[in-house]
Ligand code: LMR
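What follows is a single chain, given as structure tokens, in the form predicted on its own.
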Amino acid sequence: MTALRVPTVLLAMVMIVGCQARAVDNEQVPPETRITIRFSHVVAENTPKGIAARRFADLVSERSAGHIEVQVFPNSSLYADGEEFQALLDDKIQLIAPSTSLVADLVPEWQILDLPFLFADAGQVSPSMAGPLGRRLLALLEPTGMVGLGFWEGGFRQMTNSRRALRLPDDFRGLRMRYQASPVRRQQFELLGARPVRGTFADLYRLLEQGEADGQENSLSNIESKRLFEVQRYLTVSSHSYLGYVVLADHDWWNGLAKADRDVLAGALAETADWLRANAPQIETDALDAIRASGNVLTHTLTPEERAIWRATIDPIYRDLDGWLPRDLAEIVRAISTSQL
């Protein structure tokens, strides 16, 4: 008998409800003592980040007995890519979780996480982010006035386009490919022979629908939830680049909270990160199944041989590391990337 598949959104709702040990009666918390936190993000609620944000909010409400309320605003409903940073510093919102690519606009060293083929798989990501690489990147945020509270995983980027299957670098020739923020992402497409077109996530569907870009790269859950499969005929499962998020707060706001409140938030963030690490792969798998089930997309998974050709084509990015990275970070990157060769 074929196993019954549970839709991703329903599964996520069950998981969210399941994480709550007891109901919280916010009416019993005096309004003057309640802390309200506005958490803005740009993706859909049924993506790994969207599910994580809702789960985090529920954990905080439970563990603070309603003293802290986290209001989640998904889908760029408050601010789009790039707008969130200033809104955070202006205290219009208190938490954001941008992709690490966007942080590279403020701290160029964060482009490290955009390097194609840096991580072989998800199992290599967590130790790197918990180790010297992650700690060093978080420390570099200090001059921005923001503090990094933790990393959330979002899967790996895959390639889509409306023109042809992308199997070898030559297939990229002449394609206009939307990229997000960092120069590393732009350089990747230039090395592949494509024409990079920068655009926000909120504007991505329109760019593709109106032909201002032929293709793009994104996680499977973002491709599915944004319904990019309606305007993209070809999907290459390349897993060529990690797509991660960092939870950020304004430094002064965060340090102005009582220690007990910071502890509640930090604990809920850490638990959410653990949950996401365990569940994001299945969310991505379900998204791929939904994309295929649409019947609109032809899918190709890179073979090991094709992957090696892509990696060799993009290799000049790694030869340029010393031009924009401090020596210690360049050495960390080389150690991670060469471990999979």
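So that there is no doubt, residue numbering starts at 1 and follows the sequence shown. From a predicted model like this one, the values you see are computed outputs, not experimental measurements.
Beyond the structure shown, there is the form predicted in complex with (2S)-2-hydroxybutanedioic acid (LMR), which is absent from this document and is the topic of what follows.
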Checked 172, 201, 117, 151 for heavy atoms within 4.5 Å of (2S)-2-hydroxybutanedioic acid (LMR) in the predicted complex; positive is 201
Among 141 to 149, 178 to 186, 106 to 114, 205 to 213, the stretch whose residues bring a heavy atom within 4.5 Å of (2S)-2-hydroxybutanedioic acid (LMR) in the predicted complex is 178 to 186
Triple contact flag 49, 218 and 222 to (2S)-2-hydroxybutanedioic acid (LMR) in the predicted complex, non-hydrogen atom at 4.5 angstroms:
yes
Contact flag, residue 250 vs (2S)-2-hydroxybutanedioic acid (LMR) in the predicted complex, heavy atom cut 4.5 Å:
no
Taking (2S)-2-hydroxybutanedioic acid (LMR) as it sits in the predicted complex, is residue 157 in contact with it (heavy atom to heavy atom, 4.5 Å or less)? yes
inquiry  = Against (2S)-2-hydroxybutanedioic acid (LMR) in the predicted complex, would residue 59 count as a contact residue? Criterion: heavy atoms within 4.5 Å.
reply    = no
Would residue 53 sit within 4.5 Å of (2S)-2-hydroxybutanedioic acid (LMR) in the predicted complex, counting heavy atoms only? no
Of the residues spanning 228 to 262, the ones with some heavy atom within 4.5 Å of (2S)-2-hydroxybutanedioic acid (LMR) in the predicted complex are 243, 245
